[in-house]
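One chain is shown next in structure tokens, namely the form predicted on its own.
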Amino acid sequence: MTAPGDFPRRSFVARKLDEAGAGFGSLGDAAVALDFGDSAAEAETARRLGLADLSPLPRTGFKGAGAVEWLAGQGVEVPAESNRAARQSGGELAARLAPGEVLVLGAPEAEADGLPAALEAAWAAEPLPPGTPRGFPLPRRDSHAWFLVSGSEAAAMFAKLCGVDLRPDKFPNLSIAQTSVARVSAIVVRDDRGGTLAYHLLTDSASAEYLWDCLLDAMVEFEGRPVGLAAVRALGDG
């Protein structure tokens, strides 16, 4: 049986996932919660209101003068405006947080490290003429926990915790809000999955367990529950 402690990397909320009865599978150098006992039922839950931990999945960031231009040179489609995200050919997201800062999220469907790892390797290996700006990498996989909130009740649940109006008619798909959720700083990226409303939620790793508990508490009245990566992938298939 796969266990988080068997891998060099584990989720910031691995203990809570284990207590909730998660079944883990391997994903690169980490264990990820695949389900909580019934993948089919979780897929239905995810369409109403589900909370998935994507923290073990690959992600990275780049910041500083020349970062956007360097990413474009690597074939990354970067939005022209801040607080917008662009989907890449492999399903990844490039989220522009500021004129000189981009967050790259791996695709939940991917079985390998994909674009984030490729970009980090390219940045470290590529020689450039002295003085050529290209920004610097940010260790987003270490600094930020990553959750996905999905389902038709997701925006109503967020209304209890966040001052930004995240309703679909007010917050278009691939929009970004850098805001406070349950009184902690967070990045919210709308990324609908196969027709189901969904939001990526990233927060400082030190606040991960606190925010996980706050989200679960806010979900109770909507009958929301934790779901595994299998349910997230099922949404994408739909």
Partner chain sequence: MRAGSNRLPAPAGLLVDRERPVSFAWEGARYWGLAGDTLASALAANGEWILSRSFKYHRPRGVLTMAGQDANTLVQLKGEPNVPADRLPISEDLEAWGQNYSGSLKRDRNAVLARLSRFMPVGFYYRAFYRPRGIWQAFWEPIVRRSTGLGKVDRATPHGHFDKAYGFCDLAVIGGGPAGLSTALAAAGAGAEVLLVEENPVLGGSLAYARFDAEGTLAAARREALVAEVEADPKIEVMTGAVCNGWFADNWLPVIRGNRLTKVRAKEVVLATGSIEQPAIFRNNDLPGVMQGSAAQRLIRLYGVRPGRRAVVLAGDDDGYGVALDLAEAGVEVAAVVDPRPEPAPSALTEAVAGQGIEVLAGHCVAEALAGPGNRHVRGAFVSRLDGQGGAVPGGSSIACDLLCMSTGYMPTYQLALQAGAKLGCDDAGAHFSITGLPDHLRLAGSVAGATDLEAALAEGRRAGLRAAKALGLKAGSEPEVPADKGQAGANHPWPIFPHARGKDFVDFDEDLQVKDIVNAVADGYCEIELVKRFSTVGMGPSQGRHSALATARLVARATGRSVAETGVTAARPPFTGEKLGVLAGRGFEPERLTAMHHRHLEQGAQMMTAGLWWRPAYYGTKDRREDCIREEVLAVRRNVAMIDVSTLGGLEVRGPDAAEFLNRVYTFAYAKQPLGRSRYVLMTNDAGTVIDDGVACRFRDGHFYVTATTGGVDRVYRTMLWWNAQWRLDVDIANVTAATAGVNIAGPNARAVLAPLVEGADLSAEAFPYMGLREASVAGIPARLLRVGFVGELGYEVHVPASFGEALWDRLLEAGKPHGMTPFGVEAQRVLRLEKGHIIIGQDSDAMTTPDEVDMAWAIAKKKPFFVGGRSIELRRRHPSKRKLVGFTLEGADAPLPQESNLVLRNGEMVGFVTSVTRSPTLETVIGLAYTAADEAEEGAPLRIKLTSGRMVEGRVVPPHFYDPDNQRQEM
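Numbering follows the first chain given and starts at 1. Remember, predicted model here, so these are calculated numbers, not experimental data.
One more form of this protein exists, namely the form predicted together with its partner chain; it is left out here, but the text below deals with it.
- Residue in contact with its partner chain in the predicted complex (any heavy atom within 4.5 Å), chosen from 173, 205, 26, 39: 205.
- Screening 117, 159, 110, 72 for any heavy atom within 4.5 Å of its partner chain in the predicted complex leaves a single hit, 159.
- Screening 139-147, 72-80, 85-93, 102-110 for residues having heavy atoms within 4.5 Å of its partner chain in the predicted complex returns a single hit, 139-147.
- Contact annotation for the candidate site: 20, 190 and 235 all lie away from its partner chain in the predicted complex (no heavy atom within 4.5 Å).
- The closest heavy atom approach of residue 209 to its partner chain in the predicted complex falls within 4.5 Å.
- Heavy atoms of residue 9 reach within 4.5 Å of its partner chain in the predicted complex, making it an interface residue.
- Contact between residue 122 and its partner chain in the predicted complex is not found at the 4.5 Å heavy atom cutoff.
- In the predicted complex, residue 218 approaches its partner chain with a heavy atom inside 4.5 Å.
- In the predicted complex, 161, 162, 163, 164, 165, 167, 169, 170, 182, 183, 184 are the residues of 161-195 with at least one heavy atom within 4.5 Å of its partner chain, listed from first to last.
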